[in-house]
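Shown below, as structure tokens, is a lone chain in the form predicted alone; questions about how it binds or moves come after it.
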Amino acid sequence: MYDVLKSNWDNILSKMKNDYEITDVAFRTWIIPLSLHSIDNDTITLVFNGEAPNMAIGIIKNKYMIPLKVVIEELTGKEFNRITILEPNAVSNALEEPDIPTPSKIIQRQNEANLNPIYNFDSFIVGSNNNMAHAVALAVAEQPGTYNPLFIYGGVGLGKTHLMHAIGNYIIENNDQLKVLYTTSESFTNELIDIMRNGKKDNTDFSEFRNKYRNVDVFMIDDIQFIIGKDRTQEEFFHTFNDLYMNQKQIIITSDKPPKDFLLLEDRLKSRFSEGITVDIKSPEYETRVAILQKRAELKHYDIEDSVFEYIADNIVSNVRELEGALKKITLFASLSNSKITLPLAQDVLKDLINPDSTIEVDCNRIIEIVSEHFGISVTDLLSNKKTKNIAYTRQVCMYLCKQLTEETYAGIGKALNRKDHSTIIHGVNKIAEEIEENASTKNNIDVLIKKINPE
């Protein structure tokens, strides 16, 4: 089979270019530099001989791998399940078979790392909204330490956690030596609090906590924005980050906004976050939303009409989590009623969730809830008399947005925020307005909040 592929390699690439309408520039940059290296059962190994191999390999795997598989199958009649791509300097090393962890050990390591095996690169749908994040994540998974730290940001339910777990699962499946650990900022904080509160009672101290998070090769922490305002947590995380970074361990962080928009985060942490590479994930466009739904249905072996996918994708646009929730609701109803999944059924099941003519009602309560979540401050603290810097600033942001997005009077905004003196509201609104004029970061942060409050 190697000789067949080798002799037909130019024809394979040409057919791929024509069938999939690859531009001349892309063809010259990404496809022509690919050469055949070897074949082992159902795996083809290629070598990329062009410029910037790290980036190129990520792009090829992201955009051109499936077309290449299809064309090879069409011309040879054989299906290859896996195609790997090597850099030229890695060819000699590739001749030695790597130690592949056994399935039972993989499961054990995934459990120890707090990883969900369902979240992998194969089940992650790539679109224009996340292709750069996917390519960089794959590069980090293949070569931990390539980009350090890796900071992924984006709104709720767009796939940040999926991508983070995919990196961890890929490393565990392909490397028997590296120790991986995933956690959330909430878990990190709660563990720290427990030790501070109960450490002396159960004879534990900070060394056990620090060993857990610092004696790893790949450290992943989700939703870092929730450490804002927690001084002791920020201090402990800063030293954890420094220890890992100085020892060249891979660090991966997710958040709902980029480091520069953390207005209340310590500058030294903000600086550390910006030292590596920052990538974002946006809301998926229509085609990606349809592809996500189709992929989920394929994985679950559901028989669903295309019109159902299109209906959901047309009406749910904000995030992947809501798309999947709608699909689960439909399939559950169909299963319970023993019905075929059709468009009329989907419209009936989702009638309370989807109403194309409805608009989101923006009032002070909605603004307060979203701003509180954005800054990681409870609504109770926001409405209290606490005057710490982060709470006071968040309260002023609420004042500004309430004035901009609602018809409420200053007195009405004051009532919603539990403030009696409307002059306080006027001061808060003016202060944020001035910051927006003077500080691009503040303006960006306010723009993000407005989109969260009223996505349409």
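The first residue of the shown sequence is 1; numbering continues from there. Quantities reported herein were computed from a predicted structural model and do not represent experimental measurements.
What comes next is about the form predicted in complex with adenosine-5'-diphosphate (ADP), which is not displayed.
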Inset, instruction - Check each of I330, V320, I367, I251 and return the one that places a heavy atom within 4.5 angstroms of adenosine-5'-diphosphate (ADP) in the predicted complex. - result: V320
Legend entry - Candidate from V371, A139, L158, L192 lying within 4.5 Å of adenosine-5'-diphosphate (ADP) in the predicted complex - any heavy atom: L158
Inset, instruction - State yes or no: in the predicted complex, is some non-hydrogen atom of N130 no more than 4.5 angstroms from a non-hydrogen atom of adenosine-5'-diphosphate (ADP)? - result: yes
Legend entry - S123, heavy atom within 4.5 angstroms of adenosine-5'-diphosphate (ADP) in the predicted complex: yes
Inset, instruction - Look up in the predicted complex whether I72 has a non-hydrogen atom within 4.5 angstroms of adenosine-5'-diphosphate (ADP), and give yes or no. - result: no
Inset, instruction - State yes or no: in the predicted complex, is some non-hydrogen atom of E324 no more than 4.5 angstroms from a non-hydrogen atom of adenosine-5'-diphosphate (ADP)? - result: yes
Legend entry - Interface stretch in the predicted complex with adenosine-5'-diphosphate (ADP) - options 115 to 123, 241 to 249, 78 to 86, 309 to 317, non-hydrogen atom within 4.5 Å: 115 to 123
Legend entry - Residue pair L163, E373 - Cα distance in the predicted complex, closer or farther (3 Å or more): closer
Inset, instruction - Given a change of 3 Å or more, say if the Cα atoms of K328 and E373 sit closer or farther in the predicted complex than in this form. - result: closer
